[in-house]
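First, one chain by itself in structure tokens, the form predicted alone.
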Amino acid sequence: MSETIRLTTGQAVVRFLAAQFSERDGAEQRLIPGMWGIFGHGNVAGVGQALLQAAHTGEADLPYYLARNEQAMVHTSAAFAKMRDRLATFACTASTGPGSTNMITGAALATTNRLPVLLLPSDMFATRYPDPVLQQLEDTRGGDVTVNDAFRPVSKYFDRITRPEQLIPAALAAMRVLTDPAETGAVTLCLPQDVQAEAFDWPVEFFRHRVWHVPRPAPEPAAVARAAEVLRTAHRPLVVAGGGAVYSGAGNELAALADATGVPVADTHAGKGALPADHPCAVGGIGSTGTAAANALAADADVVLGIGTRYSDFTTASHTVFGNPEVTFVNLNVARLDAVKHSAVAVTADAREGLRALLAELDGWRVDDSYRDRAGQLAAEWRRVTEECYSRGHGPLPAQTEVIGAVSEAAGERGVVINAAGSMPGDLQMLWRARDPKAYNVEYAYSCMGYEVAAGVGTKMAAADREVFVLVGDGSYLMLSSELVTMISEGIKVVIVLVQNHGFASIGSLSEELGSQRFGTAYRYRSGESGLLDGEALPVDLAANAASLGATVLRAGSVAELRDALAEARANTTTTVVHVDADLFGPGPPGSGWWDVPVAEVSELTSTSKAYENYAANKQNQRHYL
């Protein structure tokens, strides 16, 4: 018989996770360098006891980190994984019931963004002796249903461990999915609270040092040949670089392709920085909130080479940005789901390996000088627009674009900007000039309000040598600012730029555009006269709130004061919140893309009826790419 060791399931989880490593290109690192958690009934005496014991005895090296909100700790883990190119992430443990279901939004964000996170929600009693226990859902359809079943649709792998020995195959399957570049996302292992504390004789081999190789699937030569054949016929080609180009570390190969062929390169939120913004072929973000340069080229493109993009509706401007009736797609993607989108000539492979093969196959081919010159002129004109947006001289309150300009200046060559929701992602995609693939972390697959502050924790933990700037609006800050306390307790230095405009700028603008008159989008008292929330602004002082949580707070009332405050914040060694008031109605960058948000087809409101006319006109440009 093989050697065994008697441990509880919780203790086995901790030992196993501490022994897992990932490896790619010969570089090995901890796959799970620690565990985030909030303890309650369900995990305090199971996984919690195991973490305590490991810390005291040294039997397993798995540091514990205390979060203040369960959703936030999943965001922190996702941001860490993003910064580490999906080669490392955290585990997250939560108590039974609401503690665990609080993680569902974080799981959805991770899976939508294809980012690995390991979730260990506590579950009800496997024995069912004390049913129904506190916080248990009683489902009349079946006794084995718990609230944790809500994780199933937002997880790439889901299992419930009802006996200790089930952990062995489940844990190995979890690591397989976490390290699969095509299938990664949230992995959920539900741990009933009695099973966590139950002892079992575990095979020692289960806890050995285990290295999970993260593959780089090579492209099929015939697929590369087909793709190159199509690209060689192109007169107006365009590259769309997505997150896969970043996670595979394909920046050098992308630059080599652009240098050799002269093809202009646009990017998505996840792909920004894959080609540095100052590269002669870089034309900026594409789609609904893309630059005029990228969208003009997309409108005429006859061949589109998508690299590691999933073609969200914002990337395609809801299927309107690629306007050439004869446009053909060539997609290079590690996931076949994305490789075949838009009836593309598909190359299913790692982005770096696929680009190397394509570059060799395209040897000697180059776009016409006139097309390259046009792309360069369009990009130069957009750089001029960007500078105007950064220095509008808007007043008395600064425009949001001026705030972004000041943060861009403060960030310098290696600063990292974080954002997720509101109007700032659109402004950032159009205006931010990322110098490298890790300078830009705007979560826009799930666009989750509340991501920003938590992501600042994970990003700084993954890249301690870089300055991290969290751009967050008042709406998102109010939803989830709790991890400010975590930053301070862990000694993590982040600069948080808190933009106060007393409302939802993005949805307010969209509401106005769609004829809904900014209804319900401002932070106001309820008016006794109208009965609506359109009274005076609420006397909310978010700077005082941040100070009460222990952050150093600087207030800025103008762009000049903001620049000074950002310089001081950079020099500080502790988390600093820079509070700046901005104009809710300040001008944004000029848009050139459309987004399909349906408008009421019939209405008693003139504003809505006019908006529907515009909507119906834009729908005429929408089509499937077949």
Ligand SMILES: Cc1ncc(C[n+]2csc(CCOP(=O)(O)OP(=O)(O)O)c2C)c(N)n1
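Throughout, we count residues from 1 along the sequence that is shown. None of these values were measured; they are calculated from a predicted model.
The same protein also exists as the form predicted together with the ligand; that form is not shown, yet it is the one meant from here on.
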Report task. Can you check 386-394, 316-324, 475-483, 302-310 and let me know which stretch has heavy atoms within 4.5 Å of the ligand in the predicted complex? Result -> 475-483
Report task. Although the ligand is absent from this view, report whether S447 comes within 4.5 Å of it in the predicted complex, heavy atoms only. Result -> yes
Query raised in the report: With the partner left out of view, is A505 within 4.5 angstroms of the ligand in the predicted complex by any non-hydrogen atom?
Result: yes
Query raised in the report: Looking at the partner-bound form in the predicted complex, is A421 within 4.5 Å of the ligand by any heavy atom?
Result: yes
Query - Close approach of T268 to the ligand in the predicted complex, 4.5 Å, heavy atom - result: no
Query - Contact residue in the predicted complex, chosen from T89, Q400, N441, N295 - any heavy atom within 4.5 Å of the ligand - result: Q400
Report summary line: With the partner omitted here, the residue among S95, T184, N113, N501 that in the predicted complex has a heavy atom within 4.5 Å of the ligand is N501
